[in-house]
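First comes one chain, alone, set out as structure tokens in the form predicted alone.
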Amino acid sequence: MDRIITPARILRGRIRIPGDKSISHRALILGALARGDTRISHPLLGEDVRSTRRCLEQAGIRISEKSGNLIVHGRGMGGWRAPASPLDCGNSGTTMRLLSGILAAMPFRSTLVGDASLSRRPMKRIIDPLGRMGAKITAAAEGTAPLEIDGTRLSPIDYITPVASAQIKSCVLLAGLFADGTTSVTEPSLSRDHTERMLRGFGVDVSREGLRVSVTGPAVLQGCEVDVPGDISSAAFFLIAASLLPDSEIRLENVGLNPSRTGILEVLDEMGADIERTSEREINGEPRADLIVRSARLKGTVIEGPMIPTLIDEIPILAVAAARAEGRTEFRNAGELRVKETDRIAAIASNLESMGVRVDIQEDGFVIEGPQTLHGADIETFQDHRIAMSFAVAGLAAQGGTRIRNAECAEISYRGFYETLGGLIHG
């Protein structure tokens, strides 16, 4: 289904951002490994998280839902059952990679499959470290899904990741919960650390020395209460939309401000955005606050190095901001964008160029010289939710109407996104 986005003059209002996708995945998975019930408040109920839920239910985990909240009736570390059919991870790389670490240690065979997009994404990055732990995993010739996993006894590992990736780190740490001894993961720079924080809430001893994080198995997890903050990756669309449109002001409630995820706020601050934090607090080890964003004159900046893992999912919408900012914005060291739901560097450049924006594409990034005028255009989402939402925001600041093709893919991470955006438009 396509969506037509027409230019907007002002955005004003107050919204609560849906629950953090990364935290929602992990709460379901750790709850399924725990003894007793885990109650999850304000989880994201988008398609990716639903994929995780369906896979867990196929493995014998009962999950009940009431008023938008979830209760995971955990079966402990050894209580999962062999699935009767392949586990369909849909479009969710988090589902496939995190579950692989657990299923590698289970006493049964399982198969993980995904949609066409997920089936092109690299899985050797988890197969290799799991193989060093003794896992038996067979992938397609290209090192992609489907993954056939013959569960077996795992050994601990001290692993150095080639890239900063929360999915690789989490996969290995989850496998380490089953191994007899200490499993450690060292990253080149810090990726999002929701898994480590949440494991502590489930009673697991997690230690960190710099960029090295360790768990000791076999572990025992105890069910707990998890309150999911709003997803800062989803908040980013509104932070930039309000920044770009004159006389705008939006209050975003209960946004997660995990330090490994706040690169978007640091970059927007460098670009001159007007964002105020209020009602700051911490729940379940995850800091959060309300964010008030007002329109501002943005300027170009350089986004590179250790900053990239802290805002990798926000680069598509930052590219839209860069097109309207004064001066040069450079995105460097962002090669991971090429192996996301689509090649996001190519998708960003193609769609910006269709809106009349000149983009200098590089192997691991791109450069935009602004400000440039956005013109309404036909936008190809490539079934990538972040591309769809980013260019919906671009459409608000464009001259003329913008058609978002296959716009429904936004449901992967943000159900009701277009309705929420539309409700903020004034004038």
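The structure displayed is predicted, hence computed values, not measured ones. We number the residues from 1 along the sequence you see.
Omitted from view is the form predicted in complex with shikimate-3-phosphate (S3P), to which the following refers.
When shikimate-3-phosphate (S3P) is considered in the predicted bound form, residue 340 lines it closely, a heavy atom lying within 4.5 Å. In the predicted bound form, residue 313 approaches shikimate-3-phosphate (S3P) with a heavy atom inside 4.5 Å. Among heavy atoms of residue 165, some come within 4.5 Å of shikimate-3-phosphate (S3P) in the predicted bound form. For residue 258, no non-hydrogen atom is located within 4.5 Å of shikimate-3-phosphate (S3P) in the predicted bound form, even though that partner is not displayed. Looking at shikimate-3-phosphate (S3P) in the predicted bound form, residues 22, 192 and 336 each place a heavy atom within 4.5 Å of it. In plain terms, the part of the chain that comes close to shikimate-3-phosphate (S3P) in the predicted bound form, with a heavy atom within 4.5 Å, is 94-102 out of 315-323, 94-102, 136-144, 210-218.
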